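Here's a solo chain for you in structure tokens, the form predicted alone.
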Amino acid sequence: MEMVQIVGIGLIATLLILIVKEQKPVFAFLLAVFTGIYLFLFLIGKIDTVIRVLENLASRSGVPTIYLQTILKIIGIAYIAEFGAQIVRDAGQESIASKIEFAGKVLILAMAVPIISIIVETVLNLLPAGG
């Protein structure tokens, strides 16, 4: 049922944007931005539920919470960068949207380095010594 609501909001916003766009393109853009923000806020509860389930699984499995927190931050950066880039694209600024996506990728890489180094150390420790 929630998906029907999301699609309904999207369709209504799209129709309003198409009607307003000819006369007031700035209002059409603002309507698109506010619709995106509203839909994001609509999904916050679902995101919170997923995070709680993952935290529960991590604690039951003995995985240090720092790893889960880092992975969740990486996912958050990816979603925020994509959301921001889409909004900027809606405004017709492809170049800036590409820069937002690039910045997101660099931040993800920077946050992933500690996890990658731990994985490499673990693999090296599993290999037989000597060769």
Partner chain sequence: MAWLAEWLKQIIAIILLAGIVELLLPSNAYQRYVRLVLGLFILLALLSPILSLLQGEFGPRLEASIRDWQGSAARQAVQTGHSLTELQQQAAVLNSRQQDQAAELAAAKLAGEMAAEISRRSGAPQPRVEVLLEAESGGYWRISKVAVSLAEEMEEGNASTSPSISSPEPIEPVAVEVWLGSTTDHPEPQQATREASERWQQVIRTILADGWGVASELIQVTQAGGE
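Keep in mind the model is a prediction, meaning the values are calculated, not measured. Positions refer to the first chain, counted from 1.
FYI, the form predicted in complex with its partner chain isn't displayed, but the following is about it.
Although the partner is absent from the chain shown here, none of V7, L16 and I37 has a heavy atom within 4.5 Å of its partner chain in the predicted bound form. The shortest heavy atom separation between E22 and its partner chain in the predicted bound form exceeds 4.5 Å. Its partner chain is not drawn, but in the predicted bound form it has no heavy atom within 4.5 Å of G45. At the 4.5 Å threshold, heavy atoms of V63 reach its partner chain in the predicted bound form. Contact between I75 and its partner chain in the predicted bound form is found at the 4.5 Å heavy atom cutoff. Only one of the listed residues (L30, A91, L57, I96) places a non-hydrogen atom within 4.5 angstroms of its partner chain in the predicted bound form, and that residue is L57.
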